[in-house]
Structure formats: C-alpha cells, structure tokens
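In structure tokens, one chain follows: the form predicted on its own.
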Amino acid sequence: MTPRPDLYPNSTPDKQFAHDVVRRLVGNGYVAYFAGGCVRDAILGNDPHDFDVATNATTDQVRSVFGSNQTRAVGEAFGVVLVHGKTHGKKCQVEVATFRSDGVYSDGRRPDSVVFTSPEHDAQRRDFTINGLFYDPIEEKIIDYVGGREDLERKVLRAIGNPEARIREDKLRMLRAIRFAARFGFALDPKTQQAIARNAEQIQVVSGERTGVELIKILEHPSRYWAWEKLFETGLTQYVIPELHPRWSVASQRDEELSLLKRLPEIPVPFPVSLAAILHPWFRDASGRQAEWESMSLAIQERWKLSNIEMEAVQFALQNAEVLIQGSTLPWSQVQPVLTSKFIEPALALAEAIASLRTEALHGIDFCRSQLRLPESVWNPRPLLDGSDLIRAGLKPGPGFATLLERARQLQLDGNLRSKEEAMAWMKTMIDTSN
C-alpha cells in the first residue's frame, strides 16, 4: 500500500457520491475501495467519467447498507449491485462489486461460477495490470497487487498473470488490449502481444456486437493508425476484415493503403470517416464493380453488426469525396445536392484527408464549408417548380415528372432560371418541344 495525496483534486458530484458509498460501507464494518479504470485514469492525471467500487460486502449486505430504494441488482450472480442517489442535485450511480475469483469461462465471455474472496484474488482475475488497481479514498492509498502502477509509469499494457489464460477467459481482451495501448500511447507487452497473435483466430467466437463496439472505439480515436497496425501484426485483421487483409501483406502496400488513416485529424472522428479511409483504396480500384462493393460492405456490416445509417455514411463519403474536393470548379447543381445530405460532415472529413494525402489545395472543400456557414436559404433555395406547377400546365403525373423537375432544379441552382416566371416559361417550352 502506497501513501499518496488524494488522487481526485476535482471534487465532482460523481466522485463525491462514490466517496460517500465507500465511507458508508467502511462505516458499517466492510472493506471498500475505488477499483479499475477510475484509479488508472486518476493516476494518469485524467478525470474519471465513471467510478466503480469493490468491497467484501455481499450483494445482500450492500442492499442492507443502502436500502432497496437506493440499490438495483445488475449482476447479482457476479456480486454486482448498482447504488444510485443524488449529490448536489445531480443524479449519480456507482457499480458496487463484491471481491471475487472467477471460475471457468466456457463461453469465452462470462465465468460459469464465481467465488467471493479477497481483494488480492479479485485483482488477479482482472484483464490488464493497469485495470487491476484499487484506491482507498479514506486512507488515500493506492493498493496494487499486480504491478499496475509500475506499468503505468513504464507506459506498458500487460495482461495480468498468464496472458493466454486471460484471453481464454474472454477473447475480446485481444481487441481491448490494443485499444487500451493505443488510447494511452502505451507499448504492448511482448508476451501479451505474442499471446494475441497465437489466439487471433479465436476472435471469431466473440459476438459481432462486442467486436464492432471495440473496433468502432479503436477507429474513432486519434491513435487509429497505430492500433490498426497492431491489429495487422497480431493477425486479427485476417478475421475481423478478411476481405482486405491480403492487400496488406506487403508492408509498403499496407502503408500506402492505410495512409489515409494517418491523414485524418489527430482528434476523435466519427467512425464512418475512419472506415471509409480504410476502404477508399479498394473503392477507388473497384470503380464500376458495384456488385463487389455491395457484397464486401454487407459482409463487414454483418460481421461488425453495424447499422444501416453507419454504412450509408461510409458509402456516401466514398462516393462524394471527389465532388467536394472539386467543389469550387464543378457546376453548383452537382455540388449543392451533396451538401444537403445528413452525411456531409463525414464526407468532408474524408475529402480533406484525400486532398491532403495528394498534396492538393483545399479550395473546393473550403468553398463547400463556406457555403454551409451561410443561411440555408442562400445555398438551398426552395425549388422554383413543383409537381403542382406541372399539373396546372396540363401534364399528367408520371415518370417524366421527376426528370423535368430535376432538370429545372439544376438550371435554377446554376443560375439559368432565376424566377418562377422564367421557370414556367422554360417548362412551357419543354412541353411544346416534347409535343
């Protein structure tokens, strides 16, 4: 146990509530500590978003301390109770878990049984050393049974104990190891990385939902390129995106094909932007092979359990990035419909990365952004013609309606039709010519 000043100088309502939970448990004769990520983040100098508490009190004893109105069982079989309440008017909640040791993980996700035990054994069953730390907020002491504090100082991500055993317990830990190392800028412990490489094929037993969540977090983070390299080095890309893994077997080609990831902003970006950056070289090379694109995108969507909205954003960005790069030189009628899409921001981010990679000027993208800053009525005016105008002119509704209205809209956006009267006159000319 290492004495240390209070790790949490910012007394937020969440921290205060968690501290009160520990204080009440200790006041009733139990051992209780902050546990896991909230300790790790505080040592790294970051404000934790969530606080977890570990204790030797059982779920029934936790309920007895806080009462049924302030507790809710969320994993009773695993000794987990949610304690909720208010601090300074803010609703707060803390997950309180009984110290435990886990039995066999026959499903590769959850233990078949647990045994409630000591904090030392509880630390041993966790995934990585940096996540196995406790903190006593009453005594202001870090409690480290696994060498997590040293690994934080060394900036190393290491599995607790035998990395093979940790992976057998939960195969998703292979992706989590890379995500945590990338997030904190840590080196991946060689033994842990080797264990991931030996077990990479086992990632296929993890549900698509859990896999997709981890991959999304990896690709949203600024360290996305480093993380993707690690996914390739450990062989995980062979199973999470087998459609593209063979293209990356040659280092120089892999570096070229993933170069867009490097060009994305060094800030969190929406997931579709990063996935589009990975898919762009294939999309560019497969121009005209729509069936292949649809097959591959559907396979990725199903494997990662992505939503239709996410994949639509990816496809829109890929299809329209070049239009945005040339936005200041193309006819406005070609650019303006792209700007009206709800997916415009991912498309702009991808376009900017592509232009930067090609060392092209950003005039087109800057032009598009300047238009978007104007009132929408300026760059997206109401159409001069609609279906009722065509009906009043004597046309019967049919397939030709859409074609005529689309052409009128193009002429309007390009400044060739400036008023309702001009549009009506043009329409009459089109009708007479057709007749």
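Quick note: we count residues from 1 along the sequence shown, nothing fancier. Worth saying up front: this structure is predicted, and the values here are computed from it rather than measured.
One more form of this protein, predicted in complex with a small molecule, exists but is not displayed; see below.
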query	finding
Residue (of Phe99, Trp248, Tyr225, Phe180) lying close to the small molecule in the model of the complex, criterion heavy atoms within 4.5 Å	Phe180
In the model of the complex, the one of Lys262, Arg176, Arg198, Lys155 near the small molecule [non-hydrogen atom within 4.5 angstroms]	Arg176
4.5 Å heavy atom contact with the small molecule in the model of the complex for all of Arg40, His49 and Asn131	yes
Contact stretch among 120 to 128, 198 to 206, 298 to 306, 144 to 152 - heavy atom within 4.5 Å of the small molecule in the model of the complex	120 to 128
Interface membership of Glu257, the small molecule in the model of the complex, 4.5 Å heavy atom rule	no
Asp170 within 4.5 Å of the small molecule in the model of the complex, heavy atoms	yes
